[in-house]
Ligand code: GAL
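Single chain ahead, by itself, as structure tokens, in the form predicted alone.
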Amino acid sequence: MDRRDFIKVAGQALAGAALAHPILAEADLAGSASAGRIIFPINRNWRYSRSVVNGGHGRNFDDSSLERVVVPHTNVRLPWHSFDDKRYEFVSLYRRHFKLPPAARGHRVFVDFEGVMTASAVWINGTRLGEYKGGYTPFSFELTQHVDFDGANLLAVDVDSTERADIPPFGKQIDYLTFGGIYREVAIRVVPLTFIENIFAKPTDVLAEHPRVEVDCHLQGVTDPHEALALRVELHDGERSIGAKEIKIASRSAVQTVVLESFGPVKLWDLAKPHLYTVHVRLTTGKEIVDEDSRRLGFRQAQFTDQGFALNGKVIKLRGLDRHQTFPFMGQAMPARVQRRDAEILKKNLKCNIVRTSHYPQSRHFLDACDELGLLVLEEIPGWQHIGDQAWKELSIDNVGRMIRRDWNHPSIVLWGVRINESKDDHDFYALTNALAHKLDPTRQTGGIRYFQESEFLEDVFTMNDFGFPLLPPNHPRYLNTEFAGHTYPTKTIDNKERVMEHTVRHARVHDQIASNPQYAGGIGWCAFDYNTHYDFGTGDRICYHGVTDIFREPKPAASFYKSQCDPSEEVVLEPAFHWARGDEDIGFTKALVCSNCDHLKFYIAGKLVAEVDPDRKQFPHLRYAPFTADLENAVFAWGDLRIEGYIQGKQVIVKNLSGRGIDQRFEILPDDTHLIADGADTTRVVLRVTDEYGAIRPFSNDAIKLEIEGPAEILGDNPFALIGGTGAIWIRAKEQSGTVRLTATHPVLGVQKIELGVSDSVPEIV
């Protein structure tokens, strides 16, 4: 394909011709039905083979000997580190039998995949429907002409999980692993012949007394402009309807716009109170409902300006972290609860106000949680440094469209990343990705993650990875630092005091410089969580220890800096950025770095006051809550417990104690949740910790914990599990029966801890 043909294809994409694909509802799917549509999750009862078998695409093949699996599914379970990525790079086969209900007759039938890694050849009843190339964006195939509406059907998928050079992000090196399998949910969607394909609700004038919502209703199957079709759109605040409008469809246009207005003031979506509304769309003919669907939305004004990022007219300094959506043992195949938990960790534990989905679109469950929690999002297309040939670029352009059309209703998303991360300039390519983003979504700005300031600036926001210090001065008025620290100073939980403190300082000083200049819209640090990588990256065990938490989401000292930047009215924070040990430094214990939002600290050793300090304004002059640096060189001649008291306006508000005894005292097991759903996929993390008598983690405890489980669940992870840095985690995954799960964890010295989790029945799926 020459350049002119390439631009022609991209132009068709701009017009929407190459981008039509259904999306799943933004709420969890559980066999929902409305008017003429029925959506059936088909996540259970898959049969799986680690290789493609002869006859495996047809109905007559006997698959009873194949493994029965539940989606989300990883094609192979792996250790948490030190494994070869070739172990998951193979082509596998998934099969799913199903029978449609009688109500499906006379309707159109689609299968919707939310994410399969990496290329998917899909078959229905022995007929090959085609191949979708891409692991991070949703895709659908229509089954209507090939399904048996009266009998059994067989859906088969060949899943190619190799790193194919023709599919983004592959072609050269990438610094992360992609894993394999049908790792996001799947559903059968039955819709009428004329149906609502998508909805884009665009709030406008949100700060005015009378805001508006322009609702673009994307329709398919409208063939007769004289047919008496109408659209009714309602805006709901919870169960209450606050605005409605109905229009007659007078043309065969695939997009019909309904404008809602005159519904009065609204509750804004912001960081503290992220209020959400729902827009309901009905397609009718006379009094009959043909089809209906809904989406959530939020009223907010988000704009990168010459004075920084403004949300609802207020300038906010962005402070966040980059996220990979990969997990120990299961790769990317974690269900809704686990995806949502990452958003909670970023927002509630690390006090971030923005996250970047590096380097690909991520789970809708994660984005739903960002909407609900008030966590801003920069979402970007798949890629890492490499740009492929014209066909490869076409897939990237298609990724832009699929990402935006899936996620354009999320109020948390404030910036589309439409450039391959850290790639070289490519004018024609990036002119097209930007034009497509603006065409599909004129309400949001675009950015493109680059690594050099001389890069051609085609987007709305200059998004830049700057790992140096001091940072380069902003060369554009709308400037966002999207990566820093990370690979320039990898740090493990088991590293000594000097390194973990320096790791913390490097994050703090970048944010201090960002705070010094309003043209820095903010900074997104590399990165939130340690992650698996290839042999030519990482720290010798195929882990990039770049996170402010470890791969199990347990915090390193650098995490305490982010946590300390919240207002004390939200949480009073006092976190030592060190392990209290006299000899864990080259020349003994000399300095203590503490991250806190207090205004004064007092240090006691063995009950004796040895230092009083204020925030370190000399090193961090611009931060609202600067870390504290205490000189203890002359105070540690008498060793003992360390007590740190935090004060605000002269009043003691928090105390932190660290033991000086050097003894492992307590063993804890801490589940994120105590209740699961018996759908075969629902999962929760269980953290394992060894602490001193005051609850501080003992970072050099590496004991093997023996685990036993009873009841309808399984352990995802090593058993025994060897602690790393005094902590770690396994995950508990529910089976498909209700009951009580009992987990027993035995420490070789500190004894036994037990927890119970309830597992309740779930909604049945299509059989």
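Bear in mind the structure is a predicted one, so any value in this text is a computation, not a measurement. Numbers for residues come from their place in the sequence shown, where the first is 1.
If you look for the form predicted together with beta-D-galactopyranose (GAL), you will not find it shown, but the lines that follow are about it.
- Please pick, from F139, F467, W392, F170, the one residue with any non-hydrogen atom lying within 4.5 angstroms of beta-D-galactopyranose (GAL) in the predicted bound form. The residue in contact is F467.
- Heavy atom within 4.5 Å of beta-D-galactopyranose (GAL) in the predicted bound form: which of E422, E668, D441, E645 fits that? Just give me the one. It is E422.
- Would H359, G486 and Y531 all count as contacting beta-D-galactopyranose (GAL) in the predicted bound form, using a 4.5 Å heavy atom cut-off? Yes, all three are in contact.
- Which of these stretches, 142 to 150, 363 to 371, 283 to 291, 478 to 486, has heavy atoms within 4.5 Å of beta-D-galactopyranose (GAL) in the predicted bound form? Result for this chain: 478 to 486.
- Item | 4.5 Å heavy atom contact, D398 and beta-D-galactopyranose (GAL) in the predicted bound form | No, D398 is distant from the partner.
- Answer with yes or no whether W384 is in contact with beta-D-galactopyranose (GAL) in the predicted bound form, where contact means some heavy atom within 4.5 Å. Within the cut-off, so yes.
- Heavy atoms within 4.5 Å of beta-D-galactopyranose (GAL) in the predicted bound form: does Y277 have any? Y277 lies outside the contact set for beta-D-galactopyranose (GAL).
- Item | beta-D-galactopyranose (GAL) contact at F327 in the predicted bound form, heavy atom, 4.5 Å | Taking the distances in the predicted bound form, the answer for F327 is no, it never comes within 4.5 Å of beta-D-galactopyranose (GAL).
- Query: Taking beta-D-galactopyranose (GAL) in the predicted bound form, which residues along 170 to 197 bring a heavy atom to within 4.5 Å of it?
  - Reply: Read in sequence order, the lone residue that approaches beta-D-galactopyranose (GAL) (within 4.5 Å, in the predicted bound form) is D175.
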